[in-house]
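A single chain comes next, written as structure tokens; it is the form predicted on its own.
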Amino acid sequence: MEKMARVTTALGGNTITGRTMFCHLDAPANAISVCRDAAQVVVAGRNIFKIYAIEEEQFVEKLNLRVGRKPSLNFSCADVVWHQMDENLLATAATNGVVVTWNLGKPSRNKQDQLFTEHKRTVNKVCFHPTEVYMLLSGSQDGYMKCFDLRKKDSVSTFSGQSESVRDVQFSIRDYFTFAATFENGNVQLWDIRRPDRYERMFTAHNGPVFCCDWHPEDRGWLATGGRDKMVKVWDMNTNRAKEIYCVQTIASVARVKWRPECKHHIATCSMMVDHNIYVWDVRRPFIPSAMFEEHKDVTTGIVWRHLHDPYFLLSGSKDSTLYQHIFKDASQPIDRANPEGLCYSLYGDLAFAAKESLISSDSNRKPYIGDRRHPIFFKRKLDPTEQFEYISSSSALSVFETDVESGSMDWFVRTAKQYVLAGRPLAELCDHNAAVAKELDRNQVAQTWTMLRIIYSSPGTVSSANLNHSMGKGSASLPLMNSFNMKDIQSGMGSESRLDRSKGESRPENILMDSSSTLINNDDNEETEGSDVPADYLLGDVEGDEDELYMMDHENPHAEEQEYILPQEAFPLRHEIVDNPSALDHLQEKADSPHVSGNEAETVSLTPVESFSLISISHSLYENRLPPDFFSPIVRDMLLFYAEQGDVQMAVSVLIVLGDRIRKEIDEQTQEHWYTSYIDLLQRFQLWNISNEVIKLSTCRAINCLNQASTTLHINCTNCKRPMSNKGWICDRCRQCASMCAVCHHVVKGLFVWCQGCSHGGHLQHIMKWLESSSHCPAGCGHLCEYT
């Protein structure tokens, strides 16, 4: 502690001097408050209630307010506040629901002054009016706020927040009659103390309980709120509707917020759990704290700036039973340890790169181009001349590389997601449909992939030649299943003896698939010359003609050469070695030679070469009889990994869902979960909520299936008595009224029901939408400015 800096601040005629110091308390503190001259601090908790003097080198205990042998629950404090007009006046909120005032000017040991016992549950917060000495406000767990006149024995006003719990109440510093209240349901209400019957304004500030709020000391319209959703939000209350102007994302639930004096954009926060540190944020830079105090070893329960006009001294109490005075110069600054460079892609492919201005300006080859999309655009942060702290005044430069609008369009992703069919049909139909969708969007590789998946996994009877060749189309000669033969390279003297070596009893039926658009024709030029000793070398080549020209059939004279096309029935010796898989010509010859071929089939076997021709030969019996069912699984797995590496998780997830158990075991669970999560995130970015939910339902990963099971419970209030609905159905079990009455047509809603979370009024969806076209106020006449999402 000796190495800590000593700070001296001159405030008018007073001088505040001190250093970072602490003292041990007898028990954990729940709240602290400082007197107006910044010389004393009061610490209150369940088992402690003491006043300490703040001296230059240490804290000195001045007064213990817990007196008596057995102190009552009135001394068990949830909150404490020191009046800023009367230095002898304190108020505490007791855990038994009692509001107690204390008069330090009493000569007796017991300084207790008045007790107000009107609250039925724990009082969470008490607050003195900033200018009225005798006005005290309290907020309780019972959902009520009460205003007390210290000259009277009972409360003068009771405000019903129509909620289960009031977590904080704060008088406005600038508006004499206004105070703000925060609630467990996430709402913030603004009240006029002259009108206890109804709040002036209400809005939903956080997703979950709002634990604290604080009015800005300089800007009369700014209200800061903190909640369980780990956010600190700054609202501008000068407009008709509360407008969120800043939002700070913290790492834990926010328990306390306090604006920093003399610094318009600085606010101090502490957490309710997990995080023990105190942060000071610049709301204009919401992701990195400007300063951080790390002295406490347990949760910080109370923070207060020592003086209303001094930004350098911060006092804090904690559950670790310590009271600290923090000097701002001794705070650590996370910005000094933060990475000064950043890189980010936008949803549409734009690339942003941020770095220190000194790094970018040192590159003499890089010049700023304003407005030209082909070059980087530089933005330099303008320094605030009123900013008095050096760590904030660091400048930075941002380079934005924008992509071409057309090339960065994601219309194909949205259309594909909407048109793909992933379940409810046979596998062959799913593959055909998805291939057609991909081909319509000019995604030919994806279309070919779906076609190949159908060929691999569908049974032989489901693959038709028409559908196969239609999906492949023209220009598909490079596929592995497409063999092309250049007839110019086949010797003209090739004899029929050199064709086949088949025994009479051998039978190998083959399924031959040809393009349905292609036809066959018999021609005299195709007759084979007997006695030729030249071996038949079948040369593979590329398709040279159009597919429509490959085969032609003479339908008018089908029997013209039937008698001439007769092969001997005995086997012939081989003139050269024949490979295991005979070429397409051998297949045709064998089919014609087979006794099971009908006459009409034999007539179509004779071929006439035009320039070249192509045959698609797929032997389903070969796959079924000789290959295991999972023979192609490694290939399909590699294909999915390829698409995922290319960034097309849409294809990877779609194939996973369509193939199901056929391929799922080949890919580990973690990889599948990563693909699903990425695809669902993309769908939600494009607001494709229904498709996202369908993907979640069809997934087999347990971690993904549970995504649409969270936050499925709706908590609603009765539109008549404003109490939560606890009974099943639409009849309130308290007021026995129907809660689903439409505020526009005044009939019972039996279909889609929409309601405002602020005032609980609503009705038919179409009626409310039509009403909001002409008015923003609640149709029930409550005066609330309703907001529907």
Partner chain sequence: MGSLGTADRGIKTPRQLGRGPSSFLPVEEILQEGAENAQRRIFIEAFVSTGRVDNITMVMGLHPKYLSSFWRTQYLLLCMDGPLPHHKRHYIAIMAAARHQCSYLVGLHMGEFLQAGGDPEWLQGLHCAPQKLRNLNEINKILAHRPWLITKEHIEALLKTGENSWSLAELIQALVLLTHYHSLASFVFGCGINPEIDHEGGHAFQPPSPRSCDSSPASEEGVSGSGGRDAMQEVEVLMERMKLLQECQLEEDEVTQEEMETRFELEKTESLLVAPSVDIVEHSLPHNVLCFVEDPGFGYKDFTRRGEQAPPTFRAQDYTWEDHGYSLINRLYPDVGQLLDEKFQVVYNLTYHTMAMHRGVDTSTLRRAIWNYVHCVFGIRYDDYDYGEVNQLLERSLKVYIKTVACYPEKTTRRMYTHFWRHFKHSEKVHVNLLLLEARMQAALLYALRAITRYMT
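The structure presented is a predicted model; accordingly, all values stated were derived computationally and were not measured. In this text, rigid core is short for the largest set of C-alphas that superpose within 1.5 Å between two forms. Numbering follows the first chain given and starts at 1.
The same protein has a further form, the form predicted together with its partner chain, not shown here; the description that follows concerns it.
Of H276, H265, H83, R662, which one comes within 4.5 Å of its partner chain in the model of the complex, counting heavy atoms only?
That would be H276.
Please identify the residue among T122, T101, T449, T416 with any heavy atom within 4.5 Å of its partner chain in the model of the complex.
Only one listed residue qualifies here, and that residue is T122.
Sort through 671 to 679, 72 to 80, 302 to 310, 646 to 654 and report the only stretch with a non-hydrogen atom within 4.5 Å of its partner chain in the model of the complex.
Among the candidates, contact is made by 72 to 80.
Are any of the heavy atoms in R337 no more than 4.5 Å from a heavy atom of its partner chain in the model of the complex?
No, R337 stays farther than 4.5 Å from its partner chain in the model of the complex.
Contact between Y246 and its partner chain in the model of the complex at 4.5 Å, heavy atoms?
Taking the distances in the model of the complex, the answer for Y246 is no, it never comes within 4.5 Å of its partner chain.
At the 4.5 Å heavy atom threshold, is K106 in contact with its partner chain in the model of the complex?
K106 lies outside the contact set for its partner chain.
K153: heavy atom within 4.5 Å of its partner chain in the model of the complex?
No, K153 is distant from the partner.
At 4.5 Å, heavy atom to heavy atom, what parts of 760 to 775 sit next to its partner chain in the model of the complex? List them in sequence order, or say none.
Residues within 4.5 Å: none.
Using a superposition on the rigid core, decide whether the Cα position of A252 changes by 2 angstroms or more between this form and the one not shown.
The answer is no; the displacement is under 2 Å.
Given a core-based superposition, decide whether the C-alpha of M135 shifts by 2 Å or more between this form and the one not shown.
The answer is no, as the C-alpha of M135 shifts between this form and the one not shown by less than 2 Å after core alignment.
Once both forms sit on the same rigid core, is the C-alpha displacement of A338 at or above 2 Å between this form and the one not shown?
A338: C-alpha displaced by less than 2 Å between this form and the one not shown.
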